[in-house]
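Just the one chain here, laid out as structure tokens, in the form predicted on its own.
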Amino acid sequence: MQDDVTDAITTAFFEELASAGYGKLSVDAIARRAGVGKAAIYRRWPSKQAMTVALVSGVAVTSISTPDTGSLRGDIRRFLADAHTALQHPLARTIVPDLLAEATRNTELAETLQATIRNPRRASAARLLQHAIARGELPEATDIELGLDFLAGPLYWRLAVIAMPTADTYVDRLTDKIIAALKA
């Protein structure tokens, strides 16, 4: 029963966050949507921000894998395909830009999201590049920080910022361009 309540609250949270945005998100609205009392929410999370960080980071950190397929191309292709799928999810398409905008106004939220989402995801993606260096597919002097920007930036820009559709070949073409840039 406890898991059912948590699941209902989690679903209601993401739906309400996508609908209202973080700034207008309220525990009352989440409770109504979930069909529970506010106490059920506060037993699990002490605040709206704590709830947001816990639930969003739980999904964000696991939604995009950093595989070790044995090849740089395979690793980057899989990483981008997973990111593409995650960023195309209807809730993510609304929630991600909203939280990034809110983080520019709320430094505490920004710092917490950086610690719980950005930093673990970048560390995980860095391992993808480090494996390629260890396999000899990338030079020892590869700029990991810039490489991480290459991995995340173009796809996010295309899907979340300018909201342009992607062709079936987009992930493959982007994979090839990122590899060329990393080797340059």
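Here the rigid core means the biggest group of C-alpha atoms that line up within 1.5 Å when the two forms are laid on top of each other. Start at 1 and count along the sequence shown; that's the residue number. What you are looking at is a predicted structure, and each value in this text was computed from that prediction instead of being measured.
What comes next is about the form predicted together with a further copy of the same chain, which is not displayed.
No residue in the set A8, T52 and R127 has a non-hydrogen atom no more than 4.5 Å from a further copy of the same chain in the predicted complex.
Here the chain stands by itself, but in the predicted complex one stretch of 52 to 60, 127 to 135, 31 to 39, 140 to 148, 140 to 148, has heavy atoms within 4.5 Å of a further copy of the same chain. At a distance threshold of 4.5 angstroms between non-hydrogen atoms, R118 is in contact with a further copy of the same chain in the predicted complex. Heavy atoms of V27 never reach within 4.5 Å of a further copy of the same chain in the predicted complex, leaving it off the interface. At a distance threshold of 4.5 angstroms between non-hydrogen atoms, T107 is out of contact with a further copy of the same chain in the predicted complex. A residue is said to contact a partner when one of its heavy atoms sits within 4.5 Å of a partner heavy atom; D98 meets this definition for a further copy of the same chain in the predicted complex. Residues are counted as partner-facing when one of their heavy atoms sits within 4.5 Å of a further copy of the same chain in the predicted complex; in 6 to 29 these are L17, A18, S19, A20, G21, G23, K24, in sequence order. Relative to the superposed rigid core, the position of the CA of R127 differs between this form and the one not shown by less than 2 Å.
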